[in-house]
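Consider the single chain below, provided in structure tokens and representing the form predicted on its own.
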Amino acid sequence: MGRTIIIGLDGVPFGLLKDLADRGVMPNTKGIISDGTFRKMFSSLPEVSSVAWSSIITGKNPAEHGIFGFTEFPQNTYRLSFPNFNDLKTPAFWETNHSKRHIVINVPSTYPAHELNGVLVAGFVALDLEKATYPNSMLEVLKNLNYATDVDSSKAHESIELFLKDLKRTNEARIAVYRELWKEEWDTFMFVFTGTDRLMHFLWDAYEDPDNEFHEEFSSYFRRIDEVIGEIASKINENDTFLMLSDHGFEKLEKDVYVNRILKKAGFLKLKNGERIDFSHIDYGTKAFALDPARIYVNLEGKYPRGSVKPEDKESVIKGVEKLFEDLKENNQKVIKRIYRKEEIYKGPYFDMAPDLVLLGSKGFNLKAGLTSERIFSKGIFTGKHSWDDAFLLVNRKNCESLIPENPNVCDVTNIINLLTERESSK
């Protein structure tokens, strides 16, 4: 009976992986691409890790698994809450098969760690290493290996050199943990590199510009990951199923766009005390507001404490918001690529929790819902942003094309894994 190995590269786009493989930065990955099936994959909407990884590990869309973003308003409040693994309404694939043993390392949005037949070390956002670890006996191993649940991205605001040093340290500890847990008996091994996402946020410009002082550092980080990929690939058996994937893609960030500022300027969002920058200050008269990154909710009467839109007026508010963002331009560039209504992208028992609209930014425009900015357009330290239509899926066999959709979505991954493993077990 074959095993299943899943390697995640958080945020890595199809084009970047292909480019680094072709240029010899990732030779082991190039070999897998040559011998396997390599597809572009669509991310979730919105294209954020909490939603995408929840869809990957459950095979469900947000209206089925209940995770729509990194933040939510609990029912009848304007108080920001931060959903975690306890809020996932559908079990992860490793929770549905207790007869098999699973090793799960650093998958985002799996905190706090749940009991399972195996080992789980939760990925970000993980607030406490002890609560991020199951079983508890693993905690001493992690501490001895100087394991950290995430990179300290605040260091990048001090200096990129400090950030890169911490990025490498965190990565090496992650690799040490994989090597330790690989020694155990298991049926499924899932291991995610999340430092890739952090690196591309801060240093996408270094990837694109060969003359950038950190260009080699960028390549070196991926070269190290490729070494580990080669190491893992060398350990698998012919009956094993080996997948690599990302949860979303990446691209150059031109400008941050503050969605709530646009809603406020157009009169859809009203805040008590004028410029108070807290969601708890949403005032009567608000027709719509946004939660990160660009999920727009109609402020319905009866649904929110200061809801002011009657159900019969909801459609006119939605049309008004659509018109507002359809017409939005910056330097004569269209800011919004597409506006999705909830009915287009969500289906399931938690449909009522879904945002009424989801905005997808045009290339280079990074949508944000925070109220801290006083400007609609700005540019911070990040040089890279998430993208929706160029995640990747790579399987270590060529003869499995019929099992993989031509244009897979993150919701398809669990089913693809099941089909691949069923086929191998039937041989």
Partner chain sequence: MTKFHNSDCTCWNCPAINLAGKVDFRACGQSALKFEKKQDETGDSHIMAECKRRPELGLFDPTSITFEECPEWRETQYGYLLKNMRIMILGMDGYLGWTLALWLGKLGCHVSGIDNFSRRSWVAERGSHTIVPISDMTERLHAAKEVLGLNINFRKINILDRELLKEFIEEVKPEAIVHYGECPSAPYSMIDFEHAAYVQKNNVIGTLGLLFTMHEVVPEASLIKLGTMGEYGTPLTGRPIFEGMFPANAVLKWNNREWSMGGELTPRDPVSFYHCSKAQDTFNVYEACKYWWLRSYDVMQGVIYGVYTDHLAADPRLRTRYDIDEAFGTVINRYVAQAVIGFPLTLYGKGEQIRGFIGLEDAMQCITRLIAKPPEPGQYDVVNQMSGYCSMRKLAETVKKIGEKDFGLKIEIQRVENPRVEADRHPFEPIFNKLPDEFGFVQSDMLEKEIHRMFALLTRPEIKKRIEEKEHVILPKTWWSGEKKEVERLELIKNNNHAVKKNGKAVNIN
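Positions refer to the first chain, counted from 1. Everything quoted here is computed from the prediction, not taken from an experiment.
Form predicted together with the partner chain: not shown, discussed below.
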On the criterion of a non-hydrogen atom at 4.5 angstroms or closer, are 67, 336 and 388 all touching the partner chain in the predicted complex? no
Exactly one listed stretch (366 to 374, 397 to 405, 27 to 35, 59 to 67) reaches within 4.5 angstroms of the partner chain in the predicted complex by non-hydrogen atoms, and it is 366 to 374
Find the only residue in 97, 308, 220, 71 having a heavy atom within 4.5 Å of the partner chain in the predicted complex. 71
The unique member of 161, 209, 356, 278 whose heavy atoms fall within 4.5 Å of the partner chain in the predicted complex: 278
Does any heavy atom of residue 197 come within 4.5 Å of a heavy atom of the partner chain in the predicted complex? yes
Considering non-hydrogen atoms and a 4.5 Å limit, does the partner chain approach residue 295 in the predicted complex? no
Do residue 102 and the partner chain come within 4.5 Å of each other in the predicted complex, heavy atoms counted? no
Since only the chain is shown here, I'm wondering whether residue 124 would be in contact with the partner chain in the predicted complex (any heavy atom pair within 4.5 Å). yes
For the heavy atom contacts within 4.5 Å of the partner chain in the predicted complex, list the residues of 300 to 337 involved, in sequence order. none
